[in-house]
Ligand SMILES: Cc1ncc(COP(=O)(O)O)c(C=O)c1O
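The chain below stands alone and is given as structure tokens, in the form predicted alone.
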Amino acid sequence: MRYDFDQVIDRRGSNSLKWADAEDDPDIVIQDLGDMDFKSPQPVIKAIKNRVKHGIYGYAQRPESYYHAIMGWIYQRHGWEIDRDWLIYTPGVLIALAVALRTFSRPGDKIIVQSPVYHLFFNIIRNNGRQVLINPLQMKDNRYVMDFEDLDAKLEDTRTRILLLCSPHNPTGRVWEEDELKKLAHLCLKHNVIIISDEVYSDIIFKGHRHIPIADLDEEISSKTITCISPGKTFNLSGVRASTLIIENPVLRDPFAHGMIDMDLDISNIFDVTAIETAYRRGTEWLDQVLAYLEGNLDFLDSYLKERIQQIKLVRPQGTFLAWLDCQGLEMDVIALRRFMIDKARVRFSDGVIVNPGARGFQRMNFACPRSVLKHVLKNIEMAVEQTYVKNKAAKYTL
């Protein structure tokens, strides 16, 4: 079937976390949290409706067909052959990260992240009594790259236990290449550090790029890697709150699985079983169409900024539906930039400083929306810039 991603759906009043703060403000557009403003695949909607009609919503189990659907999807999209025994159900990636931190490190140990990076990585680490150790990414030729010299030095710290890899990377949109992943993995192997690879955006990849699961590089790397995947970003099912961990090595897999059982976190609900298996079996058509639409949005965003809002530059993503916007040309401090976007442009993005204290002047934008909404947002920003930005480069905007 042909999906209509141009349809504007009002999400206010739907208990949407993303749109909750806009319930009483109909003029503001919310583009911060990482879910799409598109309906999920029709087969998934139909399957959930049919399950609702059954009328009995007791305890649920995960049939073997559920796991085989996941295995088939990973092989179909990424060419990675995995065994059924490697798969562990978790009620969301962040919960899985918390369990992994508690299982494979001790309070006070250090966990490496590569900033700017998804801000809840910092929260999960600190809330579980571990220390954040930052290996900052570097900007080269308008894309972010890894600093391997700094990474090697950070891995030498004897309290470093885990590296959290974001692949593809949120918020910069980098899709890591094979040589980059191998260098990172071999450094971790050298220092006996576990890799936890968050690959929830692995299906949102644009033309000319390919996602490579780091655990699929070779058996030695796989033996020290925990891979996190989820249908949430792929099929706009983040509210289903279910994910899968892929752990080949039983030395890692067994204690993690016991940790899940000990906290009673290994039980599904009836709707995530139905939604996930259906999505992985029948979601290809929807995903292929949404990827084409997202790339069209990205091209439009890129052209609009270059032609009409030159004070804002796009760090063009290779994957994800997140745009990392360099707004330093507006010459605003953090508070002024936030107020400018909300009060003047009537749009809310994610502030760059929440993913990296050094990312002042950056905003993260979710462009997974109907193109008419994207046009509206960009037009509002353009008008706000024209009305309030002082064109004299020596002057700075203040409120």
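This one's a predicted model, so the numbers in the text were calculated from it and none came from an experiment. For every residue, the number given is its place in the sequence shown, counted from 1.
There is another form of the same protein, the form predicted in complex with the named molecule; it is not shown, and what comes next is about it.
For residue 170, a non-hydrogen atom is located within 4.5 Å of the named molecule in the predicted complex, even though that partner is not displayed. Not displayed here, the named molecule is kept clear of residue 174 by more than 4.5 Å at the level of heavy atoms in the predicted complex. A residue is said to contact a partner when one of its heavy atoms sits within 4.5 Å of a partner heavy atom; residue 144 fails this definition for the named molecule in the predicted complex, lying far away.
Using a 4.5 Å cutoff between non-hydrogen atoms, residue 93 counts as a contact of the named molecule in the predicted complex. Of the residues 163, 200, 279, 246, just one reaches the named molecule in the predicted complex with a heavy atom at 4.5 Å or closer; this is 200. Checked against the named molecule in the predicted complex, the candidates 241, 210, 306, 258 yield a single residue with a heavy atom inside 4.5 Å, and that residue is 241.
Heavy atoms within 4.5 Å of the named molecule in the predicted complex map, among the stretches 118-126, 180-188, 78-86, 310-318, onto 118-126 alone.
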